[in-house]
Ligand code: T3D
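Only one chain is given next, in structure tokens, and it is the form predicted alone.
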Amino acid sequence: METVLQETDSGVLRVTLNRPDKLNAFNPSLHAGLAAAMGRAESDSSIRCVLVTGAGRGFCAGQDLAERNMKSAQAVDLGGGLEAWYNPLIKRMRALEKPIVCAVNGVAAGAGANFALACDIVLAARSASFIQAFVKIGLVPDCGGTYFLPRLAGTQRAMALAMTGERLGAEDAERMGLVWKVFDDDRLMEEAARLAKSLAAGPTRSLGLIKRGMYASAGNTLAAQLDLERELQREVGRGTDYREGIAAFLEKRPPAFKGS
């Protein structure tokens, strides 16, 4: 069975984590499937948006602990797995200059929660939940958790979520700013697909540079960010989508963006 499913429609690459019997927990096969999907999104210009979700009743339960050999008395180097799989994945997601929409359809725990937060726009089913489960087994948040949580929820909330490992419901996650919108379970994928198709029909270069600018702001001074905005605006101004956008506005018609 393929652990990551890929399908394309209207410029959207839909990526489905497909280990439903394990709540789509990460293992080497799933990591390899996600790496392949990211490579496709990077290289295929016809793909203008990525939509990520999970099969079955969960989004992603984090690392598959059954894959870990704990019988040996030797110390475990947990950093190796981060260096080999998780960290490259998060870096590629943030560097991809195309929007990534995440539809959290159930529990998102541990690395699964932070994988979701690494996406650009997060939608959640009303029954979904987010759990920083690391502390339950004596770990610290990874997969970008210590970066995303304080920036999205604030230091106090981030610290409490990480130190208690409490379950956070979808509506509370929305109130904290971890999630863009919450939908009834039976509407989640319809709404996620609608958003992804809308983004795929948009000015892809502009969306990619919006992403670059937003993520650069965390480490920039205001002066540096203003300089970056100037350069980003120069770049999109040279593209065809800007010209199309202006023409459509003046002609009072919907724009037909080509993504360039």
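Note that the structure is predicted; figures quoted are calculated from it, not measured. Heads up: residue numbers just count along the shown sequence, starting at 1.
FYI, the form predicted in complex with this ligand isn't displayed, but the following is about it.
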{"property": "One stretch from 145-153, 92-100, 129-137, 179-187 that, in the predicted complex, holds residues within 4.5 Å of this ligand by heavy atom", "result": "129-137"}
{"property": "Contact flag, Asp64 vs this ligand in the predicted complex, heavy atom cut 4.5 Å", "result": "yes"}
{"property": "This ligand contact at Arg167 in the predicted complex, heavy atom, 4.5 Å", "result": "yes"}
{"property": "Touches this ligand in the predicted complex: Arg40 (any heavy atom, 4.5 Å)", "result": "no"}
{"property": "Ala25: touches this ligand in the predicted complex, heavy atom cutoff 4.5 angstroms", "result": "yes"}
{"property": "4.5 Å heavy atom contact with this ligand in the predicted complex for all of Leu78, Leu82 and Ala111", "result": "yes"}
{"property": "In the predicted complex, the one of Val107, Ala125, Ala158, Cys119 near this ligand [non-hydrogen atom within 4.5 angstroms]", "result": "Val107"}
